[in-house]
Every structure is written in structure tokens, then in C-alpha cells.
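As C-alpha cells, one chain now follows by itself in the form predicted alone.
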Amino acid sequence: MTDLIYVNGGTPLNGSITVRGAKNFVSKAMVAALLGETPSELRNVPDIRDVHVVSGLLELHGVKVDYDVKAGVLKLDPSNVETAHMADIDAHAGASRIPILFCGPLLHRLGGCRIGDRPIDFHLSILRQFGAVVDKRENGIFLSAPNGLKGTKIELPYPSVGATEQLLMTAVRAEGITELSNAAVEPEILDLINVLQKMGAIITVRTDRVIRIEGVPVLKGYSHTALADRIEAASWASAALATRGDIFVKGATQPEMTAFLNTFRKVGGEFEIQDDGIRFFHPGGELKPIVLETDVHPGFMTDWQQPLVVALTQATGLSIVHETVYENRFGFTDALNGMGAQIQVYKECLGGTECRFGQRNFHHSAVIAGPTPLVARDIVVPDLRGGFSHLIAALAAEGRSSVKGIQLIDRGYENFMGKLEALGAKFEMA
């Protein structure tokens, strides 16, 4: 794939595209297959870079991986799990933090785990509470469980998705009962719990963000269809709004997107929910400004914020967005301002409530004034979500933009170039 495209903007996106399984779930379900004594099958798997990275890491650990890309079906056989060389893990994973999630399952299967030196202190603290011994060496980190892993009680300071996933995949085969308070309860977490229950785990999710896991000695493989990617679905919805288009997102589902759908309607977008997907469209007329605060589920997802901000540059009036989940998520607005948007970022908590970033010197609130016509510019993609937002801006802008670094978008958006083509976008590959 080329890393540079030229986008001729100003044309509404119209047509139909398909989203498959959620990036934030599929990679974790793949790791969960390590816990089973028999093969697993995962369906609705998207052809994205993260899936290939995790497939390679699993193969390094002796898992037989069979991926039918066209059908979106992964078969994972962990019968011959083995220790991998740390250098191979680092070379394959790059900066990804996925290897740390291997440690719980590998401690159960092999009694040990080796990973590179990544910033994962919080994950290591969780593993220590289960009884893992962490040995930080010059060339990386070695974990062992000489007395096995034991159930524990943990309260998270913040409902972190990654920490909740780590704890679930460690607790299911730990001896005794584990109780996690202030857990993340995102749809992707609940689908991971579905997978683990199919494997034989005993997990109770309470209404007060407490998850209780009764450890079992053995788990089997699973057969599961991944839930749809609500981030990709919302990204295309925002693209429809920003370009005054009409996009049917096949595979999108309502229950996981309730907060987004409410906000989309408040801004002035329209949608129709069908059995096999959701149609998102700009109904004409002016878009409305909003006050928005991101939050953990069931609030407005942080990953929905960036693409929607592009659409808010076309709303009449002042919109306020308060980011409470990630501390520095407004860097992408610099490029939008360069295209003619009027976005100011602030260190103060603007909107409803004070959050944990309010006293920590982070630019985590934004005021967007609109409508402002966007004009073409040369853009460099900063990251996955910011990159897709820049792409939406280029599609909405008048003129020819160059977008460099689009391979980053390939991490989480399956065949997005083909989807752009299907929606009538005008672009050329360098």
C-alpha cells in the first residue's frame, strides 16, 4: 500500500460499505485462545494490521494460525504453546502493548512469560497481585509463577479497558475467586467475557462495575462471531455528516452505538437503523453546535470524538468538547486549523464536570466555531484515529490535499481505500 494519497475534496460520500469485527475486541479474543486446551474459531475478523501482528505473535508462541481473509475466519490451535524469543517478540510487535496481554495466559500454560521493556508498570502490578514474580532484566522483563496464580481483590483507580482485559485473562484460570472493582464495561469487554464463558470461565458482571471471576483449572477453545466495530461505523457516519453525504454502514449495530446515535441526531444528522446495518446521512440544512463530554462506556466514546469534531467545524455556532478519557487528544486539531477551521484548545475543564486532567496541565478541552469552509492542505497523519479524521477533513475540503502516512490508518480500518472508492471519493495514489 502507498503511504501517500491525493484527495480531491468537496464531493459528498454516497454509497454502502461494510464494517466487520471490532479491532479493540478481535486482538484480545485472539490472545484468549491461548488459555484453551483445544482449538478456537473466531469469525467476522477484519483484515487489518493489528490482526496480522497478533497472528505473528501467536505463531511465535507455537500457536497454529489459519486465517481465511475473504471469509473473515480465524482458526487458532494452541496445542503446542511454547516460549518465544524476546528479540522476535520485539521485532514483530514494535511499539504495540499487546505482548503484555500474553502474560496471564502464558503464566497459566507455561509458568513463565518474557516480554520487551515496555511502559507497562500498571499491568505488572496486577500480575504481581496474582502472585507472579516480575524480574526486570537488562534485556527485558521475565515473569514467572512458581506457586501458581491465585485469585485476588483489585480496585482500579480508573475503569481502564487494558487493565480490565489483563485481569480477566489472568483471573479465569487463577486458583480461587477474583473481584475487580471499578472495571471497564465497554461492549468489547463484555464480548471478551462472552468468549471466556464459552471457554468454561465463570464470570459475573454486576451493575456497580464489579466483575467477579471464579477461577477454573482448565478452559477449552471457543467458537465466536465478533461484535461489529463501533469506532469504524461512527467514523464513516461522521464522514457522511462532514461531506453532506449518505452512507449505509452494513454490519453496524444500534446497542453499542446508543450514545453516538443520540449525539449524531443532536448535531443534525439523521440515521435509519435496519436489520443489517445503519444508514447515516446529512438531511440538508444547518448542523447544530453541541456541548459534548467523552466518558467511559456507556458515555460518549473517546474514539468517536475526533471524526465528529471535523463535522462540528460545519455546525453553526460554538461547540464545546471536553475530553475526559485521554489527556492529549486534540493535537489533530492543528491540521484542521491549517485547513480553515477555528478550534481553540484549553487546559481547563470546559463543559459539565471537572475531570482528572483538570489540574494536570493537559490541553483536554476544545471550542469549535463554525461553520468554517475547509480548504485543501498537505497533511501528515499523526495516528490512527487522528489520521482518519484528517482524511475526512480532506474529503470535505475544497481543492486537492495530500495525505501522507495513511498506512497508520490501515491498523484499524479494513480496506479503507476500497471503501472510499465505493463511496465515490475522488483520490489518487502517489
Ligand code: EPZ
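Here the structure is a predicted model, which is why all the values come from computation and not from measurement. Residue numbers here begin at 1 and follow the sequence given.
We do not show the form predicted together with the ligand, though everything after this point is about it.
Participant: With the ligand left out of view, choose which of Phe142, Tyr346, Tyr326, Phe271 has a non-hydrogen atom within 4.5 angstroms of it in the predicted bound form.
Facilitator: Of Phe142, Tyr346, Tyr326, Phe271, the residue with a heavy atom within 4.5 Å of the ligand in the predicted bound form is Tyr326.
Participant: Which residue, Thr225, Ser160, Thr83, Thr316, is the contact with the ligand in the predicted bound form, using a 4.5 Å heavy atom cutoff?
Facilitator: The residue in contact is Ser160.
Participant: Does Lys23 reach the ligand in the predicted bound form, with heavy atoms at most 4.5 Å apart?
Facilitator: Contact with the ligand, yes.
Participant: Can you check whether Phe357 is within 4.5 Å of the ligand in the predicted bound form, heavy atom basis?
Facilitator: Yes, Phe357 lies within 4.5 Å of the ligand in the predicted bound form.
Participant: In the predicted bound form, does Thr302 come within 4.5 Å of the ligand, counting heavy atoms only?
Facilitator: So Thr302 counts as contacting the ligand.
Participant: Can any non-hydrogen atom of Arg128 be found within 4.5 angstroms of the ligand in the predicted bound form?
Facilitator: Judged by the heavy-atom cut-off of 4.5 Å, Arg128 is well away from the ligand in the predicted bound form.
Participant: Is the ligand in the predicted bound form close enough to Lys250, His282 and Lys419 that every residue in that trio has a heavy atom within 4.5 angstroms of it?
Facilitator: Negative, none of the three is within 4.5 Å.
Participant: Can you tell me which of 379-387, 66-74, 36-44, 392-400 lies within 4.5 Å of the ligand in the predicted bound form, counting heavy atoms only?
Facilitator: Result of the contact check: 379-387.
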